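What follows is one chain in structure tokens, specifically the form predicted alone.
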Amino acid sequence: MSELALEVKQLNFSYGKKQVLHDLTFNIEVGQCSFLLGPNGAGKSTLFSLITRLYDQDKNNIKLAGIDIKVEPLKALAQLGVVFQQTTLDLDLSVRQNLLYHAALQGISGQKAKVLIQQQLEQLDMFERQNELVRQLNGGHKRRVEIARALMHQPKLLLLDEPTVGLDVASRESIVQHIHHLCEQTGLAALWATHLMDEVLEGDQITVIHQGRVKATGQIDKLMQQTKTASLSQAFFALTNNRSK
């Protein structure tokens, strides 16, 4: 049996009397790049808020690297890195200062922090820009810094909430390739929420949710076979009850 980086089992959540998640169940294996697809209002943001414990839950429905986030929240969240849709970097600090601050929050200091910062920035071709103010960077370079920050404490699972929105094609492609490379080479698992179908590569795991329910899980060919369609976009529209053109 494969080791799981994320396990979501029969997850329900309501805002008052309105239930927005209905028995959500899916897994992500170590080393797997997994995409979460769903239209606006499908429940993606709510799911991410529960995984990160921005929202609490009544039952033990989520495990990170085998650790129940309800029972051992600090230990579980130590296995998690997050790249939010909106930038959360301090614009008036340099790239290096942002990463040093995050390292201190994670209990990483001294020589180890320096080594990890250099390692992450070199992988993202950002080491030469470590002393630049974040404010001076373009959108793609800011995203690279946020990815470096999310990976500094070497998590088992990386959450990405539409990280390429607003970026140019070259920046998008660079980030897509980098995350896939990390999953293949380091065993990192990723859960990537996106509306952009071309970011999904052959062999990636896909979970489609609609109206708070899992509609399908599997690779591109499985979803096309299930919906009798000729592309991922067509399969997505069929599963979410929209018309494909």
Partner chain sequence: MAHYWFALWGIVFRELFRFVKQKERFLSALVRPLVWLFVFAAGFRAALGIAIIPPYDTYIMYEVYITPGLIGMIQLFNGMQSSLSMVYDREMGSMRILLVSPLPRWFLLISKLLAGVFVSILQVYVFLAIAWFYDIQPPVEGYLWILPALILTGLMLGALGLLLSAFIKQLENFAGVMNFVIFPMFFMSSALYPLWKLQESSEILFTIASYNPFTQAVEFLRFALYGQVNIEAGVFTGVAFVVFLVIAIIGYNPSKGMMKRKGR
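This one's a predicted model, so the numbers in the text were calculated from it and none came from an experiment. Residue numbers count along the first chain shown, from 1.
There is also a form predicted in complex with the partner chain; it is not shown, and the following applies to it.
Figure note: of the listed segments 137 to 145, 169 to 177, 119 to 127, 81 to 89, the one touching the partner chain in the predicted complex, with heavy atoms no more than 4.5 Å away, is 81 to 89. Annotated contacts: His195, Ala230 and Gln234 are all free of the partner chain in the predicted complex [non-hydrogen atom within 4.5 angstroms]. Contact annotation: Leu201 falls outside 4.5 Å of the partner chain in the predicted complex, judged by heavy atom distances. In the predicted complex, the partner chain sits within 4.5 Å of a heavy atom of Thr52. Contact annotation for Val115: none of its heavy atoms lies within 4.5 Å of the partner chain in the predicted complex.
The partner chain is not drawn, but in the predicted complex it has no heavy atom within 4.5 Å of Leu151. In terms of contact with the partner chain in the predicted complex, the residue from Glu29, Glu184, Asp68, Asp56 that brings a heavy atom within 4.5 Å is Asp56. Of the residues in 99 to 124, those that come within 4.5 Å of the partner chain in the predicted complex through at least one heavy atom are, in sequence order, Tyr101, His102, Ala104, Leu105, Gln106, Gly107, Ile108, Ser109.
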